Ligand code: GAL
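In the block that follows, a single chain appears as structure tokens, in the form predicted alone.
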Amino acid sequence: MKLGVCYYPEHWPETCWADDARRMAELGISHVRIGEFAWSRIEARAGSLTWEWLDRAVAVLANAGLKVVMGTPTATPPKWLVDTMPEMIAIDAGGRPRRFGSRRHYCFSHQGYAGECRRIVTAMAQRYGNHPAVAAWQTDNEYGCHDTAISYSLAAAQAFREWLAGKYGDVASLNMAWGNVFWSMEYAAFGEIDLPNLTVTVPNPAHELDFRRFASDQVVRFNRMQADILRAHSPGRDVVHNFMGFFTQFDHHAVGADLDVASWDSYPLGFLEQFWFSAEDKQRYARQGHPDIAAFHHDLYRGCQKDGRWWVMEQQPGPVNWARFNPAPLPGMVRLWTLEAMAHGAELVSYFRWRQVPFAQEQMHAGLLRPDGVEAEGAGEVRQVAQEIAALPDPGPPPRQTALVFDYASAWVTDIMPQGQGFSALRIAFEYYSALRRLGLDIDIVSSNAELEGYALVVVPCQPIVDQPFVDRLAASGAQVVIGAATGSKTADFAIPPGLAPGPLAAQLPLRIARVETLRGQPCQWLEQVETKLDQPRPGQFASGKFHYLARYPAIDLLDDLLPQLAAAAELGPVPLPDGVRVRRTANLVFAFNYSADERTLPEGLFAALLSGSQTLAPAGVAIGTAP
């Protein structure tokens, strides 16, 4: 695994570039991402392209032996471009324009802006596509950040109507699929259909789901346009995009199909603070991050690229600036996060950023250097971990052991119609994942389109839309299968299945969900009334052969009882771990990580031989050994 860093030469005097590059190489860094926010410096006025400064920056990095990941600058269109076509900006759900003055101020559906992106990306690819120092390209930056994957602009409305016409052919079919006879919502033509915002009360959920599908397809189309240009003018270089944490506004599997490498931006402390975690967990893991946040995304994004290739494009090295509270990592955590990415198969971990910038919106976001150029705390850990990685043997590929199924459409369905506040397919997937990790199991997160052959255990936490081919693959896998509540509860057109939930799964799980109620709680209490003759080993759990259905949420108590039994039956050898400890295996190595604030002793027999660390781990400690 290689190490990288994000660098912005346009932010610093040119006289310091060479020294920065030298220090990067000495620290153990081999790859440097540049350029993704530099459009205004490349093209200060329409048609006036200024490359010389960027040429010199690339040359300085190359002379230090560093490889360049070149970002396309389309996340931050310059002011002159916005003024030229003001209708290119996105519109939020309240009908307000998302104006110039920060970033991501564009609508994916605007054809004029797409043309400008095609022009600038082509120009960059032609200039740097065959440069020997350019090893990879990053398309844009963090698609959808700040809730920008979804736009309610006029351009989006027109493109959505065209998308619907392509899907349904005639408006009568759309009216039938959406159930528009309800509330007299029937349309006479596609041109009558508006976007599902600014309605008096909630819009038709089928309308909203199709809009979410459309918005996702617009991101896929935009990314594919850039990827095609880059491959045409820069053959042999990887095309990468950097996804985000706990973000579901588009289908990352669909975008990943056009990438050579999926990457993501890892900020464990910020994500802990900003998402659903309890006040107790936020306090307990404030300086470490929840033990499963980074790993969940490592496994999720590894599954979004067909060859399983993935990177961390931005790794938090210190306090961030965007969460409600922004603590510093516990000493040792930057090293731990880096080694954990290696354990999950990362090819590269890149830190954000090289030097903390003293101005503008991110001046409180730490880097490897302070604004005055002195090393920050994370730099020493990067130096240490670079030496450790160089000394380790090849970890080998991850095992094919346990699959957790997650589709982005599941998150859209529970966003649109949660039925209980906070009921979220994403959160449920994370909680099931965490239960598996506490048993020391190695997990692949896959879509419902993935092949399941070879897995001993398959877990489907919350999959409202289920099709017959997926059910057939589940049955053919021979695996122990766990199905969570609300799975199979909707058709592809967002209706209750004719035979009730769990829809097509009833062939393997002969039961019917007669009623659902949700009760106040944290998280939402989801309870299903089940009609069946199946065995009920525990209240809320139903079994049919190797299929097991859990008819309520939360189901942590059921999972903690059921999963060890199924893992043992599947010969996975579950190893319940000390509190706060997590394990990851590869073909050749075993990694153990202590996320606890206290010392922890590892189970016996975890390693054949220790290569690094010890059986007793200090807080933020890591042990690495050969597989038994």
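Residue numbers here begin at 1 and follow the sequence given. Fair warning: this is a prediction, and the values are worked out from it, not measured in the lab.
The next section is about a form of this same protein that is not shown, the form predicted in complex with the named molecule.
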Is every one of 37, 352 and 362 in contact with the named molecule in the model of the complex, taking contact as a heavy atom within 4.5 Å? yes
Test of understanding: in the model of the complex, would residue 242 fall inside 4.5 Å of the named molecule by heavy atoms? yes
The named molecule contact at residue 180 in the model of the complex, heavy atom, 4.5 Å: no
Would residue 477 show up as a contact with the named molecule in the model of the complex if we use heavy atoms at 4.5 Å? no
So in the model of the complex, does any heavy atom of residue 103 sit within 4.5 Å of the named molecule? yes
Mind telling me which stretch in 135-143, 169-177, 339-347, 77-85 gets its heavy atoms within 4.5 Å of the named molecule in the model of the complex? 135-143
Which one, 406, 311, 412, 267, lies within 4.5 Å of the named molecule in the model of the complex by heavy atoms? 267
Give me the residue from 246, 322, 187, 276 that has a heavy atom within 4.5 Å of the named molecule in the model of the complex. 322
